[in-house]
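Take a look at this single chain in structure tokens; it is the form predicted alone.
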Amino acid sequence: MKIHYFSSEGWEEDFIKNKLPNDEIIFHLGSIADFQDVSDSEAEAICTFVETKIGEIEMSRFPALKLIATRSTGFDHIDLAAAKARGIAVVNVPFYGENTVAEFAFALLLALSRRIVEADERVKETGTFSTKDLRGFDLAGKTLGVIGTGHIGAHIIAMANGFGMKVVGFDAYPNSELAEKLDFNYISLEELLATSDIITIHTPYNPQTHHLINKENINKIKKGAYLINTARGAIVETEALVEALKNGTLTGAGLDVLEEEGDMNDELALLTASHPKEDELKIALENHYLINHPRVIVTPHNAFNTSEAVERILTTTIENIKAFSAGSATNVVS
């Protein structure tokens, strides 16, 4: 197949070409959004990551397109309806780093509970070793509420058990065997919000989970709790999150994802556009509040990013492309 491959990692070019020697790979160092003028009437596949939305306009630039291979578990950046209408298969990487993302989520939790970022900044910026106002809290004995108890959520629960935490879970499809194995209880979302000292999100993003935590239910969170989100930004309504931090419902948050985080990379265009999207502009400004909040840690969608996980992602992507070429597509989401 003729494949357009978009990546910000230059080393992937040789890796992919060596693994797919019978395919014609056109490598682009950047995202599809960075190459607005690229089109190809013969290309049958494009390979991309989550940093770029792929809709009708992007697909129309490749009229012979048969396959979109995303190097991610999530696929909300792809217009599945448009792909289906054009007869384009969309494949993803459903499993690559269950432990990887879970470890990152726990790293955010530990950084918040022991005020590690603040302590590091104090030493570097002032040269003093004072512990004033840096007192943290133990995880042992605290209640961790896990929203989404799939592969990543299960790893989080196992880690929490190791820290002596009590765990409660919420999932649209409860797994009783997992609950028995890992010694936790399923409860309603409302109960989870009300009883958890820390809430961590590991559910996929879809229409059902859009703003799962929102202005209507965020004030039901236990006063002074912490929120961790390494899933997708739009699972939490940004306006509600900001208000909960302002009124003390939440003491802090660890966020590897932000709603409309793409706009954060192109603020000038958003702010100066002749007809700016008011809702997106509002979210972008609220994101600034989160970034500057002293008890909020924001990282750049980095939970997946280990050497081992990236290699697993590429290996699965290559297998997806080979399987599609052979007429036995795997990991198809549309």
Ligand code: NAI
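Don't overthink the numbering: it's just position in the shown sequence, from 1. Predicted model, so just to flag it, every value in this text is computed and none were measured.
Same protein, other form: the form predicted together with this ligand, not shown, and the subject of what follows.
In the predicted complex, do 113, 141 and 226 all put a heavy atom within 4.5 Å of this ligand? No, none of the three is in contact.
According to a 4.5 angstroms non-hydrogen atom cut-off, is residue 153 in contact with this ligand in the predicted complex? Heavy-atom contact with this ligand at 4.5 Å: present for residue 153.
Contact with this ligand in the predicted complex for residue 252, defined as at least one heavy atom pair within 4.5 Å: yes or no? Contact check for residue 252: no, nothing within 4.5 Å of this ligand in the predicted complex.
At the 4.5 Å heavy atom threshold, is residue 238 in contact with this ligand in the predicted complex? Residue 238: no, not in contact with this ligand in the predicted complex.
In the predicted complex, residue 256 touching this ligand (heavy atom, 4.5 Å): Yes.
Position in contact with this ligand when the complex is considered in the predicted complex, options 284, 297, 303, 43, heavy atoms within 4.5 Å: When this ligand is considered in the predicted complex, the option within 4.5 Å is 303.
If we take heavy atoms and a 4.5 Å cut-off, which stretch out of 203-211, 129-137, 161-169, 243-251 is in contact with this ligand in the predicted complex? In short, 203-211.
Are there residues in 54-90 with a heavy atom within 4.5 Å of this ligand in the predicted complex, and which are they, in order? Those in contact are 73, 74.
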